[in-house]
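Before any questions on how it binds or moves, here is one chain, the form predicted alone, in structure tokens.
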């Protein structure tokens, strides 16, 4: 049955109560939020004169005509998955990765890069205006990434004793181990990765060699649900000039660890720094674990302009090095420094932005809650000959107080780069009391950025916006807002 080009088939609900509705020949109209595409569809009983309910579909390209199985049904919207592409969009590209659609990463491989950039720029605008209800100036064009493949300098791979099965595979293979990425929302499911296009070599070669060694030597892969097993996860970090750091993580302490590490050291002499961690807790994070150097240097180093940054096993460093440089240059430009300003860099991490702007500032104060990151920041500043930066470790809302500001100087400029959740309301209130002339808000989540700026809208207006694409083929976008103080 067809109504104005919207087709539907309604089948009774399954015994388990799951939706069993298929929509045929749905026209994908545009890119929506959270990486999904948008269409409209009517179900049986809907007003035939209405435009239809909003339908969100993953892995679709504007112009596709597809059959969709619904996975969520609400009065105001629907969600579905493509089960067949009846007519592909003229804009649709063939995904370059064999794992596309399963591993959950790089969901926009089928979208031309210029469309990705336009969608991200619109996402920033929508979130600032619709969530924050903010007035925004004309945007500067989004800064695209020169590299759209092999752009990451850090990846984490998880091991599992029961890998994710692909369609058509023998269920008996479910007991075979895998090493790769978690699948979607399934915390205990790992997709075995053959080749990943996110990080340059020797990343793939190292991962495959580790898996091969573990299988040949009967090392147990981790049981994620039951929390036991030897080989748990691994990190690979690389630099633009070819340095490589590998961190091998194990679920138990065992003599079998050291032959594996020796094998890696000998097979890959390009590994500059080889660490291991014995992690027996319930999650894979190593921020609270001891990282033990097995061979090589304690750190690797990345250069930006005339600065050199130390990267240890726990260091935070922007994962797209080239785009980080673009991001920091724009933050420095927005800061408008002439050598006379006191700058506060909140959520400073290893102090990269703080040191990047230090040459134009009278004094820079960096604050970060991870003590190891602050130690890296101090080490980097000394190595770079920077003497006008001070760094402090602790919870932002506890350190950044009125008495702290009184002691260390009133900020003329504040640069804030918080985690995805944004800033604590107490921090926002302290910033408002400090009333710096300019705030440079760097964010990996424009939604929380919009919420935080809205809390400051009585005193600050946005005077410039610069989106930066740090993660091609994903929905994620970094954004910089320049805020300037104005009198009532």
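Source: prediction; values computed, not measured. Positions refer to the first chain, counted from 1.
As for the form predicted together with a small molecule, it is not shown, yet the points below apply to it.
Enquirer: Could you work out which of 370, 131, 183, 82 is the residue within 4.5 angstroms of the small molecule in the predicted complex, going by heavy atoms?
Expert: Checking each option against the small molecule in the predicted complex, the one that comes within 4.5 Å is 370.
Enquirer: Though the small molecule is not shown, can you say which of 355, 160, 153, 348 has a heavy atom within 4.5 Å of it in the predicted complex?
Expert: It is 348.
Enquirer: In the predicted complex, does residue 302 have a heavy atom within 4.5 Å of the small molecule?
Expert: Answer no; every heavy atom of residue 302 is more than 4.5 Å from the small molecule in the predicted complex.
Enquirer: Does residue 263 reach the small molecule in the predicted complex, with heavy atoms at most 4.5 Å apart?
Expert: Residue 263 lies outside the contact set for the small molecule.
Enquirer: Although the partner isn't part of this model, could you tell me whether residue 51 comes within 4.5 Å of the small molecule in the predicted complex, counting any heavy atom of the residue?
Expert: Flag for residue 51 set to no.
Enquirer: So in the predicted complex, does any heavy atom of residue 419 sit within 4.5 Å of the small molecule?
Expert: Yes, contact at 4.5 Å.
Enquirer: The small molecule isn't shown here, but in the predicted complex, which of 193 to 201, 103 to 111, 333 to 341, 394 to 402 has heavy atoms within 4.5 Å of it?
Expert: Within 4.5 Å of the partner lies stretch 394 to 402.
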